[in-house]
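Below, in structure tokens: the form predicted alone, a single chain.
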């Protein structure tokens, strides 16, 4: 096999190991955060505990967790100028993508962070906590601005998940909604060298600052082949529901067959690593369905539709859903606006990003791979 053929077979760095990490392990059957498997964490930990695990490197003691939670509560309000700009963008640029707005908010926050240019381990941990704590208020300020409402102040009495829902809606979330959001944040928190994390590590490897690396990661997550897949998955389900409702002769199976024939990319399915299924998907699907059954019975139709689509994909294409597929149905049943799905992803993945950025800075070498040139042969300019 020639070097060019080899390069073609590994487009997107498929199957290539490009570094070491102590943060996360991903394989066909397991997703592990610093030694703890994801199903164990989803069943037994809170998002705050998982955030501590990722950022500080070990399972927290009772005292450590209390200290960490108190720190986050004290950091929930971004600088007033950040909220002012984000809320203003909702009115002056209502069509701006929420991920662009959130990226702007994070960039603005860097100007008001006293540790911005300090890449020491202590300063980076402080910056990581500030971003983790304050991103829900940024997301909420934008959404409420789009709805013509004033932002609400972050609530220090609530858990991180509950405060996120509060900032979005201005309504105190119930116990089951809080739990579902908490689990979804745990499931999305980390996933080794995915596209956005790798982007953040590349930027960090130049000795750039944490905020710059996070802004780059936000840009990578925005794409519908990465973080935006949960939005695209829900849009697809809405298309199926609308089309089959308007045309009583059109079955879900027929819709899917047409999509296959048109070579339409069906979002929320398949994974580069999990060839036999994403084990996060079943966890989130079960919690989302539980929410629908207990709090919003009318939303159960989305899970029924999702199960049918999932079955057809498996039977005809042998492709399993990834976590983005049930995420769309779950958030939709909770009344969360679809354009905010990926910003909520940021509210979770900020923990993994920051853990990797800190790890990169702690043992750094600039990331600079080689490319295989396939252009024209050498020529003389004057010929």
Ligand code: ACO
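Quick caveat, the model's predicted, so the values are computed rather than measured. Numbering follows the first chain given and starts at 1.
There is another form of this protein, the form predicted together with the named molecule, and it is not shown here; the text below is about that form.
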Problem - Heavy atom of each of 268, 319 and 345 within 4.5 Å of the named molecule in the model of the complex - result: yes
Completion exercise
With a 4.5 Å heavy atom cut-off to the named molecule in the model of the complex, the contacting stretch among 130 to 138, 304 to 312, 83 to 91, 257 to 265 is 257 to 265
Exercise for the section: Find out whether any non-hydrogen atom of residue 229 is located within 4.5 angstroms of the named molecule in the model of the complex, and reply yes or no. Expected result: yes
Exercise for the section: Using a 4.5 Å heavy atom cut-off, state whether residue 205 contacts the named molecule in the model of the complex. Expected result: no
Practice task
Evaluate residue 275 for contact with the named molecule in the model of the complex, applying a 4.5 angstroms cut-off between non-hydrogen atoms, and reply yes or no.
Solution key: yes
Problem - 4.5 angstroms heavy atom contact with the named molecule in the model of the complex for residue 323 - result: yes
Practice task
Quick one: from 244, 119, 100, 224, grab the residue that has a heavy atom within 4.5 Å of the named molecule in the model of the complex.
Solution key: 224
